[in-house]
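In structure tokens, one chain follows: the form predicted on its own.
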Amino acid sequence: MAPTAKRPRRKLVARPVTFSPFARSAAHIASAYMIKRQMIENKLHEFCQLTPNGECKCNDKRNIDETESDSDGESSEGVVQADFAFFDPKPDDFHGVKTLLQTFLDNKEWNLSGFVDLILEQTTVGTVAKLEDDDDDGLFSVVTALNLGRYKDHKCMKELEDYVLSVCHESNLVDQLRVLFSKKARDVGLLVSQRVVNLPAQLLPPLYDALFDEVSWAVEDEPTEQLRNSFRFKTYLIVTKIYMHKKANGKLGEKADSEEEPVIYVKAEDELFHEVSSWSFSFPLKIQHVTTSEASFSFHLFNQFTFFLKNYVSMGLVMAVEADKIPTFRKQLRSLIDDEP
């Protein structure tokens, strides 16, 4: 019998989750502030009476302000100890997951709420990361895989299909996309992964290990053959975001006439997925500013982060990764984390 899904619980030091030199510098700006901010907000709940809108009724917020000031004054290179834990998705996570996925399809108006419901209802495969023993229940990451065939009749999945097909302008790939959404849909897992940018890098291997282990266990443990088969993925489809240098030569990975990186992967593991993908394409996004899930820190640090990206444009990236490449991906991800200074 396969083991029951276990959620890793580890003490982790907040560090930037990125590996290119340029992206690492940008992420250092935000490093540790997110968790400090969470602690400050928890103190606000402890010391103040809040209105229904979340505003403080107290006249004297000196202690909170001083705490925040101290946090802002500390070096962004500082170390903050934080305990993270992995959990099965549950209904109470709705707003947290929806916030993380707010720009999953750029600025498209679609049934995001229905999409989040699918993620939360599938507890066999899927993980959310939170601060351990945090009563606030704030989400820092969500990762899951949804079978395109199993959920093809849901409005949100039809809208996602229409969107992905509409942004693909490479004629040699449109037909392959259509096949993934139709004839091969029951063999395709839509890999959904979103988090705040400064989630500790050490969380990445256990997050993805949890996902792919759960997929393997579901193939063995689901109560019906139909459900077991719905997790026998042959291909993973990934829709994500990158930043491309304005002077890049058009193809991902090609060096521009600049000392800056041609491409910044918002999620470091996307570079690894890209390397093992069977095909991919990129497209311009309409939302060009840094999003909430990418920048959960102060206004001052937000401005610095935005400054680092002034020579870049937001691009969508769609990739197809064959399931037999996943062991390579997992090995490379662990190696990257282990090699981080």
Partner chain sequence: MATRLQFENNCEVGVFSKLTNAYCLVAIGGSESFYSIFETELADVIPVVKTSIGGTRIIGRLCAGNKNGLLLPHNTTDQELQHLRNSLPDSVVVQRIEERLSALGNVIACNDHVALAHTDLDRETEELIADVLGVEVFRQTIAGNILVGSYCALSNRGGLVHPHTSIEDLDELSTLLQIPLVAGTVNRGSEVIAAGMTVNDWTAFCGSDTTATELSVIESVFKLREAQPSAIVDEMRKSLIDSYV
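The model shown is predicted, which means the values in this text are computed figures rather than measured ones. Residue numbers count along the first chain shown, from 1.
Missing here is the form predicted together with the partner chain; even so, the following discussion is about that form.
Enquirer: Pick from H245, R186, K98, K241: which residue has any heavy atom within 4.5 angstroms of the partner chain in the model of the complex?
Expert: Looking at the other structure, the residue within range turns out to be K98.
Enquirer: Name the residue from D88, D221, D117, E271 that puts a heavy atom within 4.5 Å of the partner chain in the model of the complex.
Expert: Looking at the other structure, the residue within range turns out to be D117.
Enquirer: Taking a heavy atom within 4.5 Å as contact, would all three of S216, F233 and Y236 count as contacting the partner chain in the model of the complex?
Expert: Judged in the model of the complex, none of S216, F233 and Y236 sits within 4.5 Å of the partner chain.
Enquirer: Although the partner chain is absent from this view, report whether E109 comes within 4.5 Å of it in the model of the complex, heavy atoms only.
Expert: E109: yes, in contact with the partner chain in the model of the complex.
Enquirer: Would F94 sit within 4.5 Å of the partner chain in the model of the complex, counting heavy atoms only?
Expert: The answer is yes: F94 has a heavy atom within 4.5 Å of the partner chain.
Enquirer: How about S113: is it within 4.5 Å of the partner chain in the model of the complex, going by heavy atoms?
Expert: Close contact exists here: in the model of the complex, S113 approaches the partner chain to within 4.5 Å, heavy atoms only.
Enquirer: Heavy atom to heavy atom, is Q102 within 4.5 Å of the partner chain in the model of the complex?
Expert: Result yes; Q102 sits at the interface with the partner chain in the model of the complex.
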